[in-house]
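Let's start with one chain on its own, the form predicted on its own, as structure tokens.
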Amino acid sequence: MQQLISPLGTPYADPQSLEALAAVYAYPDQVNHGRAWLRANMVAGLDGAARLEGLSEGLSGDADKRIFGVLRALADVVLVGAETVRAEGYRPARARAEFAAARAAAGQAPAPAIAIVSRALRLDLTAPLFTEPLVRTVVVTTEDSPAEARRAVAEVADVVVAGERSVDLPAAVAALADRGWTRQLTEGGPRLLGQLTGAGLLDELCLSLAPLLTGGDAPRIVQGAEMADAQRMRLVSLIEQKGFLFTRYLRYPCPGDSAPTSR
């Protein structure tokens, strides 16, 4: 990393280290008292595109992948939409030796669980996500999901039923927290992130901004959100490397925030 700046303009020490990144992206203390904290990790181009040639991979880079790994290493569970699982070829989260001691001390499993949101249950149950996870994969679905498909999923994953005809995301987030998974991370895709945002569940956004203009009709990182008002966010950290910007925003207001100043 070339530069790491705090909100007050003071550089953090040794920004290339995993330890420094873990400190920057540490979850708040509320998670130690049973309060779920949901952060999103997304990448976009300069014109707002969340995908390049149909995948987020095309917008990524080495530093983005490094931060992606750190965010997963800090999380208890990764919440992701079934469409993204299929498109991106999701695999189980892996254990990171550099974070093993910290996770054990925090009472976390060696790696986060993957929780897939799916009503239709069109999932490849022979994929490593179901056959090789360190922590059993979770599938969040609805009461009216196909019964036969749900039985098949239940053989290889834990099934959480939240909602009758559409996934009740507040209930889903609460169900994951009830398992002790209060450090929650979502990697989208844009439709799921739109639903989480619209439901008022998103506490934090970690957005990687790639120095690319892509054009086309790719979705934004938040797609189809139905919100009464725009959600104000507060920048708390900024990392720059080779033209990439890695931002961390918290939902505003948070406890202790003062009113924003106008310019």
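The model shown is predicted, which means the values in this text are computed figures rather than measured ones. From 1 onward, residues are counted along the sequence shown.
Another form exists, predicted in complex with a small molecule; not displayed. Remarks below refer to it.
Think of it this way: in the predicted bound form, the small molecule has a heavy atom of just one of Ala82, Leu176, Leu74, Val153 within 4.5 Å, and the residue is Ala82. Out of the listed residues Leu209, Leu55, Leu238, Ala225, Leu55 is the one that sits within 4.5 Å of the small molecule in the predicted bound form by at least one heavy atom.
Listed stretches are 99 to 107, 116 to 124, 176 to 184, 130 to 138; the contact stretch with the small molecule in the predicted bound form is 116 to 124, by a heavy atom cutoff of 4.5 Å. Contact here is defined as any heavy atom lying within 4.5 Å of the small molecule in the predicted bound form, and by that definition not a single one of Ile67, Arg91 and Arg94 is a contact residue.
Residue contact with the small molecule in the predicted bound form: Val161 places no heavy atom within 4.5 Å of it. The shortest heavy atom separation between Ala50 and the small molecule in the predicted bound form is within 4.5 Å. Looking at Leu192, you'd find a heavy atom of it within 4.5 angstroms of the small molecule in the predicted bound form. In the predicted bound form, no heavy atom of Ala149 sits within 4.5 Å of the small molecule.
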